[in-house]
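A lone chain, given as structure tokens: the form predicted alone.
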């Protein structure tokens, strides 16, 4: 044998393990291979791997890789957006479970809800959770919008995201309103009847102008909402489809755009930290020869070496932000479970179109409108809500004052204006309600007065006009459109709360005033 023959064979000609051995080795290695295919980086023990955890995960990718430490403080957002999102997810889960047993038919809807409550295991619990989570979501959306407003988080470059948030608010009201009819009991039937009458309220104006015969906007809106001139099978199936498919899908799409814009607009609003003073530049000629050995490392945008210094105040979103989201999520779910366990969702008698509820009241978030509708159907149902929505939408484009976003009430002056406006709104709204209950209004004084005069001049329009004048006076006094906006927003928010309370507690049969429901006449 020659020395050449003793050399090892090429790697390609080396003996290979048997096919069965390779299969068994791969089989034993499946857990590790599966983990590596899902988690494509090491354990999140460093800033790099923590960032990779967020960037490479579909569900966590809604978060930035790094988040500013100020954004993790509770008072920065109060967690209101997270709570609202968790409630929406909880509504989707419980809603799907309820859909399994619910039958969207006038003949079977009420009985199917009774089966859910009394026959289906945990059915009552799921329905209770769904009910209270829906009401809580409406409340938290309102609170979230108030937080965004009072912290100036609607200002450039976040103007359009404020409009997206308003769309989410409308979708939330739509989901809650359409779900209200599904039990098909007396409460649901007459609440939706009131909502349909609010939709028909433009007929008050067209009747006063004498154009209803060829321009019946109110009738068209009501028929579009109900699918008929009355609340029946067409309305039930229409509300069911909107509630379980159209509105949730639209909410998911708009919510995705809302969260995407939060990231693209610079993250959560926060005050900018002052940049330290930069010492005046020193001429190269003034430097000793021994100190002139330097090189250019990078070119950055800005006029000082402190550009991008806030990166030092950021932390990886994982685990800090993720733990905060998890904690708020668990608290929200726990609170919903407690409410669902302690309080049953109402279920009254089977809907009877010939036996009206007295008083018939809309859902709580429409009771303020119902109080205004009792003065003027058009202004309460369309005019004033339209003015409020238009005003809210224009806020970011009218208030262009440069100031730190993320500062509550824009500082001490803003807090003073907010408190003064809240006290003024309480005083004027209560005085207006007392005057109306005690002395009536134009129709009580002049029975023959034209309806158009009532439409133009009623307690609702007076409240709006007075609040507008208060806001204008605030702008003139403070020379600040931002403070004027705070004044107007606070007035409307406080007035909405008072009107909702008043209609809930003090309005009884025939929409008369009573101090307490226990004073209602008994039949």
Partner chain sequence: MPGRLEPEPIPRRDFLGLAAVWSAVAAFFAAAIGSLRLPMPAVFPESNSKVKLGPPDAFRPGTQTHLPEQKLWVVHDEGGLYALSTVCTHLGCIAGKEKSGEFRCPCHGSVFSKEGKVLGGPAPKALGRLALSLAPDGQLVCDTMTAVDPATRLKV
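Positions refer to the first chain, counted from 1. All values derive from a computational prediction rather than experimental measurement.
One more form of this protein exists, namely the form predicted in complex with the partner chain; it is left out here, but the text below deals with it.
- Just one listed stretch, out of 335 to 343, 104 to 112, 202 to 210, 154 to 162, contacts the partner chain in the predicted complex at the 4.5 Å heavy atom level, and that stretch is 202 to 210.
- This chain lacks the partner; the member of 190, 180, 240, 140 within 4.5 angstroms of the partner chain in the predicted complex by a non-hydrogen atom is 190.
- The single contact residue among 198, 247, 347, 418, judged by any heavy atom lying within 4.5 Å of the partner chain in the predicted complex, is 198.
- With respect to the partner chain in the predicted complex, the three residues 149, 263 and 329 uniformly fall beyond 4.5 angstroms at the level of their nearest heavy atom.
- The shortest heavy atom separation between residue 374 and the partner chain in the predicted complex is within 4.5 Å.
- In the predicted complex, no heavy atom of residue 501 sits within 4.5 Å of the partner chain.
- The partner chain in the predicted complex comes within 4.5 Å of a heavy atom belonging to residue 227.
- In the predicted complex, the partner chain lies farther than 4.5 Å from every heavy atom of residue 121.
- Residues are counted as partner-facing when one of their heavy atoms sits within 4.5 Å of the partner chain in the predicted complex; in 321 to 342 not one qualifies.
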